[in-house]
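The chain below stands alone, shown as structure tokens; this is the form predicted alone.
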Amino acid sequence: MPIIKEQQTFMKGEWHGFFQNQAPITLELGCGKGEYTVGLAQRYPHRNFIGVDVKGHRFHKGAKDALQMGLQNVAFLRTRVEFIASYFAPDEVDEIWLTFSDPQPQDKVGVRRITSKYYADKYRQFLKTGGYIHIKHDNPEVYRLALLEFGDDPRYEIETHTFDVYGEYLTQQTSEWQDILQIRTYYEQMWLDEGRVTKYVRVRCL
């Protein structure tokens, strides 16, 4: 099975055929080195995972790791997130992870901040009702705006959130969620080493 799909290939509505199963699909948008994509794929072999980033060299490591591990439930797509709705059909995706994406502090409207309501409108085009958006980030403003924008949108429900994943919040989660939330990206580990605090928001589509 091929592991990387290039930007010129439009796969809208064809991803289950690509994976040769009807299992749920999870996206990691702005995936960087693909740590969450590969980490989740290891933990859930009966689900499908796609890492998306504009620069192929970023997810080269994740693709290489997936190949070496023999993972058949992983793919990587090279494209800009603003074009993401061109690649997925309505109800084709079950879950989205946004992990330490560029906070774009000067972007007050949200047209470049992929955790914004502007992008949530795009995600809703292909995310199933009952599906989830996960935001994991060190930036307090990204966290604040996520709570504000998703909290004001009747199409979404904030199911849980925390200003400090690795504080008391983590100990209150099930062992499964503790495992999932402790997957760390390259950037998260770098920020943690600098003493920054990881925030988390989980939003459900209504």
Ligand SMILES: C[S@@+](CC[C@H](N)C(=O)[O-])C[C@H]1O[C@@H](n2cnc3c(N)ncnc32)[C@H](O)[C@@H]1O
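Owing to the predicted nature of the structure, the values given are computational and were not obtained by experimental measurement. All residue numbers are counted from 1 along the displayed sequence.
Unshown form predicted in complex with this ligand; subsequent notes refer to it.
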For this session: Given that the partner is absent here, state which listed stretch (148 to 156, 167 to 175, 26 to 34, 41 to 49) has heavy atoms within 4.5 Å of this ligand in the model of the complex.
Result: 26 to 34
Exercise. If you check in the model of the complex, do 163, 181 and 196 all have a non-hydrogen atom within 4.5 Å of this ligand?
Worked result: no
For this session: Would you please decide whether residue 144 lies within 4.5 angstroms of this ligand in the model of the complex, comparing each non-hydrogen atom pair?
Result: no
Exercise. Might residue 67 be said to contact this ligand in the model of the complex, defining contact as any heavy atom within 4.5 Å?
Worked result: no
Problem set entry | this ligand contact in the model of the complex: residue 126, any heavy atom under 4.5 Å | no
Exercise. Is there a heavy atom of residue 187 no more than 4.5 Å from a heavy atom of this ligand in the model of the complex?
Worked result: yes
Exercise. Of the options 107, 82, 94, 121, which one has a non-hydrogen atom that comes within 4.5 Å of this ligand in the model of the complex?
Worked result: 82
Problem set entry | Partner contacts for 53 to 79, taking this ligand in the model of the complex and a 4.5 Å heavy atom cut-off | 53, 54, 55, 58, 79
